[in-house]
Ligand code: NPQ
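Read the single chain below, which is given as structure tokens and is the form predicted on its own.
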């Protein structure tokens, strides 16, 4: 297979509800979409970077630049036997993992269509549906958060994740646990604390949390190991795991007992599957995080989350959790049992609605070999 042309688009989509974390508030989803062509087929990928470098160093503008000027030119016209070769082909560019992941995802979609197989099958997935949860941002009041949780439980979500930050942590989580004593609950700090704040997490240790996600620095493993040694609740690492080797090091150091796998953070599906395998070999469960993806990225994440060691519900909510109208048809929907079906069609599954993509596109460019 040779990629003959690639279109890169920046899109902006209004969110149904603002989403606030310890590092900022989003009311619009920014992303870069990648559309690759080969042999009469089209494959799609998504770069779920933010407008500002708050989650990691990447933004939609850096992704646009790196894709257009470095990554896509390095791939155009190259004979590929398998999508795994993309990772090595792009290794000369340091980091820029989200940009790489979006391009690699488009190639995986192309290859799966060529083979007449689903992305789930190609990645090694074993489930036709995956358990999912809902992620909730920081709200104006605890009562507002409680009402949001109640609404999502009525919709059928079975696991709840809430964002925390200094001043919005122990008291909030205690109230949620009081109101929802039996609901699987976890928290995500997005690196908002230091080891000096360990007492905050020790105070949560009796609240029956599934896990505490990324409490300390985004590049830290050592202090996380010290914190995990003081807690019964599993620490889960997200931002700290940017490479499969990071997962191995974190497990060996005792920095975490759970790993959040995001293909976009790791540089693509090849690295994500390798990270999954590293954790599986060491008996550490993983789950699939989200970046408020459009349906294009969401479908691909569902395929990834069907692998055997994804043992905890992922942040893979239905399309209507974030958007009035998604970019795919049919949309991703939540089943009554709190699961989402993994597409069985060739490639990522449901078709991309180009008319809807056009409506939210703010910039586009074709690159040809």
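Numbering follows the first chain given and starts at 1. Keep in mind it's a predicted model, so treat the numbers as computed, not measured.
The form predicted together with the ligand is left out here; the points below concern that form.
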{"item": "The unique member of 224, 97, 163, 276 whose heavy atoms fall within 4.5 Å of the ligand in the predicted complex", "value": "163"}
{"item": "All of 64, 109 and 366 with a heavy atom within 4.5 Å of the ligand in the predicted complex", "value": "no"}
{"item": "Touches the ligand in the predicted complex: residue 315 (any heavy atom, 4.5 Å)", "value": "yes"}
{"item": "Partner proximity in the predicted complex: residue 135 to the ligand, non-hydrogen atom cutoff 4.5 Å", "value": "yes"}
{"item": "Proximity of residue 310 to the ligand in the predicted complex, heavy atoms at 4.5 Å", "value": "no"}
{"item": "Interface membership of residue 120, the ligand in the predicted complex, 4.5 Å heavy atom rule", "value": "no"}
{"item": "Heavy atom contact within 4.5 Å of the ligand in the predicted complex, the stretch among 5-13, 341-349, 355-363, 21-29", "value": "21-29"}
{"item": "Partner contacts in the predicted complex for 278-306 (non-hydrogen atom within 4.5 angstroms of the ligand)", "value": "290, 291, 292"}
